[in-house]
Every structure is written in C-alpha cells, then in structure tokens.
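The data below hold one chain only, encoded as structure tokens and taken in the form predicted alone.
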Amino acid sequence: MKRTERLIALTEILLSRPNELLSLGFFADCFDTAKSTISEDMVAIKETLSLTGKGRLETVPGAAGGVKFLPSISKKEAQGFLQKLAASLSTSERMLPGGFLYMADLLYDPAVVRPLGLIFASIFRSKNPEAVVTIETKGIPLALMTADALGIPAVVVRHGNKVTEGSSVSINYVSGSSKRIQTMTLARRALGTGKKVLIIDDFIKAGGTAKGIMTLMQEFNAEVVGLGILMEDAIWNTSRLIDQYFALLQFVEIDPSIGKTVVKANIL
C-alpha cells in the first residue's frame, strides 16, 4: 500500500471510531508496517485535521497509549450551517395553527442533527461531561449525536415510569409556560451517582422542563456542567426559570395573518 492510500485508510479508521484510544501497534498490525512509520503518518493526519477544523488528534504517551480522534466542527462552518438552518425554518410552510413551528422532520434527519451534535460537543467538551441527559422525545436525536461526538452515553428522562427499566426516581415539576404540574422519571440504572452531566434539549420557552431536569439531577448527586438548547423562544417576554444556557437559534417572530416566520442563528 502506498503512503497516500495508507493515509486515507488510517483517516477512515479514525473517523469511524471517534473518542476511542487506538494504539500504534493496532495500526501497525493492520497495515503490516513499523510503528515509527505509523507515527509519521499520524503527524500528517493531525496537521490535516487542524487545517480543516474537523477535529483534533490527541496523542496519549506510554506503553498503554496511542491516538484518539476528537471530532469537532470549525466555528465558521458551524455558523454557516446554523444560518442555513435558520433560513429553512423561516418559511410559512413550517407555521402550525396556534403559533407553533414544525421542526420534527429536521430533528430526525441525520444530516441535520449530526452537525448540531458536533456544535454542542465543540462548545461543551472543555466541561468534561460524563453523560448527556435529555427528556423524551424530540431532544433524543440531538442528545444522541452530541453524546456520540463526545464519546459518552446518552440518558433519556421519561414522562412516565416503565416497568422494564426497574426502580426509578420521579419528581413533579411545574411547566413554566402552561403552569401545569407534570412528572418526569429516570431509572436508577440509567445514570450513576456523582456524574458530570450535560443537558441537551430542542426548545426552551419558560424553562420549566429544563429546571425540572436539573432538579432531578440533584437526586443523583449529579453536577450539571452545561445546558445546550437548539432554539430559544425570543417571543417569550417573561423572565425564565433558568438563565444559564446556550441556545443555537432564536425563534424571533411568527405572524399567521401574513404567513411570516423569523428564526435567527445566535453568534457562536
């Protein structure tokens, strides 16, 4: 195998196994070549990843060390993607009766949620979360892609208890917008105690659901290191129950009488 071919093959392996520590011996066996040669190849791949902004290659020294690919997205590419997403959401076809915005098709499209997961991972990686927590249902794809980019598990809080999940912790919380008392539940086996968690959700209005998840995390002695939201309701003119969060998009305006919808991308 020529060096160019080997570099392509090495890169494909790294991209397909993100956040996994792979030894130089593993690559040497795969390509039947010396570790020193693989080490030189990794230097070239590391420089290329740095130039493209697709992530970084982390080297772990020692006998048990190796290399680990940490995926990310450049700020320029992320900003451009969010602006395009905001433009696609700012159409009259997405307007629903009652002043709601239809987003479900995008939230279940891998081509959309994969870059969003990379954006959230790039923002919160420095916080070193150990799990990504969300609540069913539309936040699940976002949380899963973020967890994949970070190399940590995703944990789903449910609105009701499932007998197939064993013992669980349930709390009541008040929805910030409707003021209704609701229940959320998390299985004890889903999340260990004392973890650092990142909360990801698709939308925030008054913040009641996010506040409820944070309260539930206290029952697991978990530390919430970040709260990432796809879209915040900028139309909401009352103070939110929480203010420490990072939203990628703003729902700025909707006027059914003229079929106008405005969604803007926040500055990263």
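All of these numbers come straight from a predicted model, not from anything done at the bench. Numbers for residues come from their place in the sequence shown, where the first is 1.
Unshown form predicted in complex with another copy of the chain; subsequent notes refer to it.
Judged by heavy atoms within 4.5 Å of another copy of the chain in the predicted complex, the contact stretch among the candidates 211 to 219, 41 to 49, 232 to 240, 60 to 68 is 41 to 49. V174 falls outside the set of residues with a heavy atom inside 4.5 Å of another copy of the chain in the predicted complex. The shortest heavy atom separation between K205 and another copy of the chain in the predicted complex exceeds 4.5 Å. Remark: S23 does not count among the residues lining another copy of the chain in the predicted complex, judged by a heavy atom distance of 4.5 Å or less. Although the partner is absent from this view, R17 contacts another copy of the chain in the predicted complex, with a non-hydrogen atom inside 4.5 angstroms. Of the residues A86, A154, I73, M184, just one reaches another copy of the chain in the predicted complex with a heavy atom at 4.5 Å or closer; this is A154. Highlighted residues T11, R94 and D109: every one comes within 4.5 Å of another copy of the chain in the predicted complex, counting any heavy atom. Within 4.5 angstroms of another copy of the chain in the predicted complex, the stretch 131 to 167 places a non-hydrogen atom from each of E136, T137, K138, I140, P141, L144, M145, A147, D148, I152, P153, A154, V156, R158, T164, E165, G166, taken in sequence order.
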